[in-house]
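Okay, so we've got a single protein chain in two different forms coming up as structure tokens, structure 1 first and structure 2 after it.
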Structure 1
Amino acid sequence: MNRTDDVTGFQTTGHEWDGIEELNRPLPRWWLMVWYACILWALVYFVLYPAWPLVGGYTKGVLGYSQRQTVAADLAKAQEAQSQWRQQIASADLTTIEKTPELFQFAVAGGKAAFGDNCAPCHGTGAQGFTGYPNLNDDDWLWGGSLDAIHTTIRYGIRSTSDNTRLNDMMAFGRDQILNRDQINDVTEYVLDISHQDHDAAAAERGKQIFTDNCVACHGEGGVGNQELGAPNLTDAIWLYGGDRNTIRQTVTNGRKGVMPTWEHRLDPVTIKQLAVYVHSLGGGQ
């Protein structure tokens, strides 16, 4: 029930919580002024700029401002500033780009940006790689680490949809019943042997012949690998999927078929060149 407060002289609203009554006082003037200013600003913005979504578009505003056009103009300006360098990269071969300091610097900067946008999700922001995705900082390359080899890999991908993709599948020796379980265990011990890990010597000796009959065609004598076929070197300590006994056995049993997409239709030729130079500069380029 409304009443007049004895202390302030204002009427109450009749609301009371735990003995505390609410006074019926007007809103603060400063608060009202800010509120009116916000309303005025919203109306002015609505008239001047794009503001309200419609079924087939949006209100344009009398100024005709467009963030899309602004971005397009900024991109065009940036491309114009870079055009002389991009034209030189387009016409130069990869070796020339790498040996020309100004071109090399521009290519590495552009390649690093393109790598972050397109390659980092699989290879990591530092190109350190993950299980199944090669580390691009070392000198262990599946398909070659020269400038041209890296450029070809980026352009056409690995087991990609490109007609020129790099392609060589490792068979699933166990799943396809090419080798039985004992033979797979023996060849696993042989791989542990040539990669300088603890192994069963007798089983490894039996596995050597199995390796020769089934694996040497791709991995080469002694398992040193073959970059022409994308077959990894099995004698070093660098493993794409893991080098422990269980992982090697799983690899032999089920095979491996990692995929990298072709970037030929996603990136322009200059950007692909920049990526190749950048990856080659990471430290493992051959």
Structure 2
Amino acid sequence: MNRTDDVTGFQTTGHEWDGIEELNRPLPRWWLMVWYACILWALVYFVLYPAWPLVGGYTKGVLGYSQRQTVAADLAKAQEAQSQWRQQIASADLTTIEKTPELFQFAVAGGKAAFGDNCAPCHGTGAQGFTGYPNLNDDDWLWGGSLDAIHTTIRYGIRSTSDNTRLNDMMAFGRDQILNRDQINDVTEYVLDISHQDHDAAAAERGKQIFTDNCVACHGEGGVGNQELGAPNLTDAIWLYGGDRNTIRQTVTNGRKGVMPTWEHRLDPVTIKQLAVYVHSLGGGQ
């Protein structure tokens, strides 16, 4: 088995790989010492720190160290560090926050995070909205796009359970038999007309009167909308549910009753302010 290597005069271990044999040479003793030192270190570590999983937990170690506690302490420290900003945001009004660069940055960063957690499911992660859920990036606002208007909407919601909720009623003109099928068709053509789309001119002419009788109260003369009442502008290029003939007809027939919950009881006032500033900063704020 073991043979002596001719060149070096040392014994081999008897192991051979592709004709190469390993010489049997002793390890340096200090190497062994280092290994013992490592074992000793492991034992010391085992005693001092959490080391071994057990069925109902783990060995805690005499130092009582815990990563969870460290994380909790770090989080508390981070909140502590943020508290002065949060206090300033709590006491400042929205315009001041937007005008103060440091506060604005802090508000936008916090608002963005809160938006991702609370608003993104309906409005999308980029606040781009979906059918029935407004795009918050654009310049078209149902209830107003000023800082205060956005803040009120977030705080109390739309058709929510809050006593202060924003509320309006787009009636179901067809379902409730206020208008008949022809009248609905005519008024639909009129809405297509004022929003600069292809339409039947004669029907639109007839629809104009129907619109004046039934819709102007909320949507205003010429359908320009009314943010006091949350009535959409029907002359622009932006539609919450869609601006094509079929969708408009459906909207007039059945009405619309979108709901946004109140966040008053779910988010603290500072977070709501941060959200308002963030949404306002998306580009469409007025």
Partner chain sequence: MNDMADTGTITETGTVVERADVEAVNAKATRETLYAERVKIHPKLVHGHWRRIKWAVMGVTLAIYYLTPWIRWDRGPNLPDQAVLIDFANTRFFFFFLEIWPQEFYFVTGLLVLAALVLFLMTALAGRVWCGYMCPQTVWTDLMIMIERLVEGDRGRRIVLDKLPMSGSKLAKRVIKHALWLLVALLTGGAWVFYFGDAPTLMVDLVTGQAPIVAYTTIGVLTATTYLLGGLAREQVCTYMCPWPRIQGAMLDDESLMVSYRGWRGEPRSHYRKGESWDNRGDCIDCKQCVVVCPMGIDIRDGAQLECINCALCIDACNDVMTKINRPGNLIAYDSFQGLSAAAKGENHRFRPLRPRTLIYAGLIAVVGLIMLTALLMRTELDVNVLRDRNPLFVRLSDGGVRNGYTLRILNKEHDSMHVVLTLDGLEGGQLVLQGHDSGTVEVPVDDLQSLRAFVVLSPEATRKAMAAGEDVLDFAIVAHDTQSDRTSRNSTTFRLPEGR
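Under this definition, the rigid core comprises the largest set of C-alpha atoms superposing within 1.5 Å between the forms. This is a predicted model, so every value here is computed, not measured. Throughout, residue numbering runs from 1 along the sequence of structure 1.
Structure 1, rather than structure 2, originates from the form predicted on its own. For Gly14, the Cα coordinates differ by 2 angstroms or more between structures 1 and 2 after the core has been superposed.
Core-aligned CA deviation for Asp74 between structures 1 and 2: 2 Å or greater.
Here Asn226 does not count as shifted, since its C-alpha moves by less than 2 Å between structures 1 and 2 after the core is aligned.
Relative to the superposed core, Gly64 has its Cα moved 7.4 Å between structures 1 and 2.
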